[in-house]
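Below you will find one chain, with nothing else, as structure tokens; this is the form predicted alone, and questions on how it binds or moves follow later.
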Amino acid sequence: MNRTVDISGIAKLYGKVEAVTDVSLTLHEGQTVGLVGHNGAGKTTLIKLMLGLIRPSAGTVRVLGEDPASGNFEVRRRLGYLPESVSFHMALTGRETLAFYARLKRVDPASTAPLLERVGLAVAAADRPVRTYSKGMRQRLGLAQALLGEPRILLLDEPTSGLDPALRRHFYNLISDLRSKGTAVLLSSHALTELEGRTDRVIILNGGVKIADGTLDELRRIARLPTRIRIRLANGGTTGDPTGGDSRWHVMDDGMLETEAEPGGKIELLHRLTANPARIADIGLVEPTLDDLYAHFLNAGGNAR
């Protein structure tokens, strides 16, 4: 895969405050990457560096092979950006707003109508003033703005804020479509459960430092967190160890039994559980979630790159 963003050893200082410290990362075409971290972790600073809005105090940033702060219009035209808090002229209609940004980006104005439809802003809504829009509608208009010109790189800061569950699904369908066409997508979000199954990689920042970078499976292997195993016995029993060993089982609110298995012992425990299938009415595995991994790496304070 071709690299679209290449960041090497960057740092960004604001006076004596180091917002980002020695961060290196790459984005490849057709790849969706989740960027997670607490408020003040450096996520927005990284995005501003990729957009060329600020310059690094140290290190290099290359977007489509160029320095994004150089003012190269063609590079900036191939970037799409949705900020966490979108703000538009409230007197303009949605259609007028998108036409304004199309002119700024030197994009064919005829492309705006299909974009409005694509993000779910029907004709009636598109011709209403933005001041009448709900937060979710303004967010959809912001997404349409970010998609102008079929960007090769899409940088999205809390993109599903204000969207209801149905619109969130629609949003991720859009992202999947863009990914299939080769767009590199960076999703900065606090909604960690949304990112599971929707990103190729996850980057975790803490205090401006990259402390983890990898696929969920890679991060699980590094973290070595236990897997939760849940079973329901055919006879309805809830006491003792159904494997005949010394595992500690807990009765959950739904009546299922649950235990934790370390990575090295998971297969052996499952083998013992299924040795007599007639005893088991139901069984399920819960692998460590992104929430679990995020908490682990923050508490560990180490690096998984």
Partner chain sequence: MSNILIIARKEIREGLRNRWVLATTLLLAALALTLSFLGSAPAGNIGANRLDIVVVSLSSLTIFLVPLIALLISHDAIVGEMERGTMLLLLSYPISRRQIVLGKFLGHVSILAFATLFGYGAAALALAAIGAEIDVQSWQAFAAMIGSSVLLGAVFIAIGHLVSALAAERSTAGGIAIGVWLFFVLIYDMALLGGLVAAQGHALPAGLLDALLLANPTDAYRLLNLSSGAAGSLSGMGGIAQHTTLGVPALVGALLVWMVAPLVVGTLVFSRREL
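Numbering follows the first chain given and starts at 1. The structure displayed is predicted, hence computed values, not measured ones.
Just so you know, the form predicted in complex with the partner chain exists too; it's not on screen, but the next bit is about it.
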Proximity of P83 to the partner chain in the predicted complex, heavy atoms at 4.5 Å: yes
4.5 Å heavy atom contact, H89 to the partner chain in the predicted complex: yes
Any non-hydrogen atom of I280 within 4.5 angstroms of the partner chain in the predicted complex: no
Non-hydrogen atom contact E96 with the partner chain in the predicted complex at 4.5 angstroms: yes
Residue (of L51, A261, M256, L273) lying close to the partner chain in the predicted complex, criterion heavy atoms within 4.5 Å: L51
Among the candidates Q145, T199, T183, S189, the residue which, in the predicted complex, approaches the partner chain to within 4.5 Å (heavy atoms): Q145
Stretch from 218-226, 70-78, 160-168, 114-122 whose residues place a heavy atom within 4.5 Å of the partner chain in the predicted complex: 70-78
Within 103-118, the residues that have a heavy atom no more than 4.5 Å from the partner chain in the predicted complex: R103, L104, K105, R106
